[in-house]
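Single chain ahead, written as structure tokens, the form predicted on its own.
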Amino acid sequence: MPEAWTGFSYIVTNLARFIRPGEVTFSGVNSTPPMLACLLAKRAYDFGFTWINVAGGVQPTPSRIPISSSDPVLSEGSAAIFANEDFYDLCTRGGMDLCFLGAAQVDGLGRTNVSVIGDWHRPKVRLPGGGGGAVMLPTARRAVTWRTEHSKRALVGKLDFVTAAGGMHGVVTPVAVFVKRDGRLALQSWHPEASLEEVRERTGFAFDADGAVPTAAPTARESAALRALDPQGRFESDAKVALR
């Protein structure tokens, strides 16, 4: 019997499934799920890819799995050390195939907000700002983001502020995987314990669902890799990802 998805394993594993053979893939700051996704892909898939991370690591071999995606341990064993300007330069020269970039809000066009919630002049919440995402989202060949909740406040009909736009290719939540198609996010698959109707009800933008199906179960190798990365369930507990 294939293992069942949890909300956490669903996010991490489906982020990993966006990684392609031979590509250059980047995971950024405050990005634990993509960090785990890249480490999972190294263990579970029979292809090579170049992993670069915000700690400066290029193809690192970390001696432990850190809590923070910016921990210097992620540069151990690196073939080189990258600074921020190196990530941006690689992106703008067309050399970054896949970037995992965070977002507070995502709209149906794949644009992101990490600036403010509410009115710009009197915001309810002031967020960290665009940082590297404002450079990398429009210049990377593909970008993928994630949300640990699936709701109309995260997947919105209209952004409170457009921080970045351009190369968004996919979005993963605890109950759905979206991909960009014909200029908009379209549903690729949904968590087997959810339904198409539930995804529509919990999403703030309209989307095409042609061809969408329940997400394929995690493979034995994917499950084993995630267990090895999080044997005590520390990351899953901290993430507090819920299906509902």
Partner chain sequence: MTVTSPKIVSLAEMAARVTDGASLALGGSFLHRGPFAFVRELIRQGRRNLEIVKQSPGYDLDILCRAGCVGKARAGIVAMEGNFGLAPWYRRAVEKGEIVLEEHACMTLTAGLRAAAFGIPFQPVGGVHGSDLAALNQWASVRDPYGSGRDVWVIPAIRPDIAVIHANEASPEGDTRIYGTFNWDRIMTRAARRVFVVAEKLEPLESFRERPELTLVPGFMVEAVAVVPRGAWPGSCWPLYEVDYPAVERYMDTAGSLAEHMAESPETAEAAHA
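Since the model is a prediction, treat every value here as computed from it, not as a measurement. Positions refer to the first chain, counted from 1.
Omitted here: the form predicted in complex with the partner chain. The next part is about that form.
Student: Among 36-44, 192-200, 174-182, 59-67, which stretch has residues whose heavy atoms lie within 4.5 Å of the partner chain in the predicted bound form?
Tutor: The contacting stretch here is 59-67.
Student: Thinking of 89, 93 and 163 as the candidate spot, does the partner chain come within 4.5 Å of a heavy atom on all of them in the predicted bound form?
Tutor: Every residue of the candidate spot has a heavy atom within 4.5 Å of the partner chain in the predicted bound form.
Student: Taking heavy atoms only, is residue 224 within 4.5 angstroms of the partner chain in the predicted bound form?
Tutor: So residue 224 does not count as contacting the partner chain.
Student: With the cut-off set at 4.5 Å between non-hydrogen atoms, does residue 50 touch the partner chain in the predicted bound form?
Tutor: Contact check for residue 50: yes, within 4.5 Å of the partner chain in the predicted bound form.
Student: Please determine whether residue 71 contacts the partner chain in the predicted bound form, using a 4.5 Å cut-off between heavy atoms.
Tutor: Close contact exists here: in the predicted bound form, residue 71 approaches the partner chain to within 4.5 Å, heavy atoms only.
Student: Taking the shortest heavy atom distance, is residue 151 within 4.5 Å of the partner chain in the predicted bound form?
Tutor: The answer is no: residue 151 has no heavy atom within 4.5 Å of the partner chain.
Student: Though the partner is not shown here, which residues of 104-121 have a heavy atom within 4.5 Å of the partner chain in the predicted bound form?
Tutor: Going through 104-121 in order - heavy atoms within 4.5 Å of the partner chain in the predicted bound form - the hits are 115, 120, 121.
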